[in-house]
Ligand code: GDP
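We begin with a single chain expressed as structure tokens, specifically the form predicted on its own.
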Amino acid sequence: MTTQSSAPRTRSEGKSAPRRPRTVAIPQALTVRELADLIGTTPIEVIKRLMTNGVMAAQNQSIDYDTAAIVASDMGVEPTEAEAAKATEPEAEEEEVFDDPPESLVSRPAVVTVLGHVDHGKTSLLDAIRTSRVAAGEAGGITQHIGAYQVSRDEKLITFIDTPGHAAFTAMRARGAQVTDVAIVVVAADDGVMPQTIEAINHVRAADVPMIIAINKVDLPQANPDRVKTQLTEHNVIVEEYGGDVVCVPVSAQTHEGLEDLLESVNLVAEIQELKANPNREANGVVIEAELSPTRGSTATFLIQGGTLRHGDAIVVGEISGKIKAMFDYQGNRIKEAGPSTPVELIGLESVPVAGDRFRVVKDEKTARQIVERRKRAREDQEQKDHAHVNLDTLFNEISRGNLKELIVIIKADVQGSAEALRSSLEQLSTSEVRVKVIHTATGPVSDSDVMLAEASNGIIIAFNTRIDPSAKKQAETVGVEIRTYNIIYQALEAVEQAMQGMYEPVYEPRVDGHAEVRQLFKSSRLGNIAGCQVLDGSVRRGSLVRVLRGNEEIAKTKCDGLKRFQDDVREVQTGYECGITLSDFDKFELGDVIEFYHQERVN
């Protein structure tokens, strides 16, 4: 006789479908696969739903909240908006916090960046310092392997970073990477203060970094260092010789005159700052430069700011993870570890990082990948929101909340006289709550460098009687920097003053997106009349502002509440397709009516 070993299996057991939740919290951005997991279905089902709504997306592709919410609703799940900041931001931020106890700190080398006008000898000066100090006591010539090196003066190391100029200097700071301890601004003794010299000075000031002036080419017959010092005073750079606090050293990259004095000055300025770091922890720092090598793959030059970096460490750089496979010093020698303020070149990253990205060592490669995923999600969520940079629309609210004590302004004008007049007038608008601070004035069009300075300083740009370079305009839109254009001074002053008082009202104009013609009418007990339409041109979107046109007469102005393709809700319908349209507070359609879809675009 046989016995039944187990109870009979019901049909619902085994391959039962996953139970779907009633509600689901959806972040501002997520992948198709992640949405499927949240809803309790397969990625294929989500992809099908997306296709019926006119959205083509693969399972690893990101979609926004609105699209995900429609899919969730279609599948019988009520969507709610997840608190993205709670889910991602704090964890990512905590990864960057280093609270070193005072007793763990030891002295570290100063990190120096050299800036200046083109052709004033910045590169020659760097080469002269390197060959005169690095080569001492070493056999053979010196080859610079990476964009940074160290020199020794009075048994103290100094780290020099060879950047392409102040644009890169500010780009790093814009990413939150305060790399430099001392900035040397090079001015040619025969040429004097030039536009890029002024720009470099303003960038250094914005970074709040101690400045040393190196007057180069003093060996030339036409050299006039005193003229340079006088010109510097016109830009509020007062050298010690003239009673100020800015160190000024005459040098010659050709004859090596003054190089020892320059290095001594760097050490003196560094001593005042008491530069220290903790070498006895996991390392962190900044990417100086990076490239894709055809033989070694992704290589990057790191500047270590704290801790000690070791061969085999797992690292996170921005949104890239990796493990150090090899590490080299500034002379190309393979090394096993490096401490604070040391520049190193390394191999082992998954892809090429960006100059200015921060790096840190983590427990293992799995942890590194998890942090990278969180950071990507945080960025995608943030991209769904408006940029948080200061603009005239939000200025009063920021002042009222106490978030803003200074309104940073960069002025570009057609002539210097206009720039100075505007600067003087704007600074007089300062109040007890907020100070208007102009950090840079110059003539010519608004450039990429101006946008980078505004981004780093959280400021706005005023273009007076001058144009905006197309690349600068695109960059400003990308990073959220506001550029305002004026041709009458009082209009610029009035706009800023009204913004500070909360009375500023920007000017908007309608921009037409598309037209749809009513071809059929459908009655709904819940929605009233639904307009069966064909899109004549452009595209129509749910949520858009609309005007209903009958002949040449506008009979209604409202908003599009609903948009359907057959039985499915959709967000957008393109030219030539049919759709069903419902409007807010209007359903008195007639055949032949034209529904014009538009949006408001700010023009001032």
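Since the structure is predicted, the reported quantities are computational estimates derived from the model, not experimental observations. The numbering used is simple: start at 1 and walk along the sequence shown.
Omitted here: the form predicted together with this ligand. The next part is about that form.
In the predicted complex, Asn465 stays away from this ligand, with no heavy atom inside 4.5 Å. Under a 4.5 angstroms non-hydrogen atom cutoff, this ligand in the predicted complex has Gly121 among its neighbouring residues.
Taking the partner from the other structure, this ligand in the predicted complex has no heavy atom within 4.5 Å of any heavy atom of Val512.
Contact check for Gln254: a non-hydrogen atom falls within 4.5 Å of this ligand in the predicted complex. Across the options 71-79, 269-277, 291-299, 213-221, residues that bring heavy atoms within 4.5 Å of this ligand in the predicted complex belong to 213-221.
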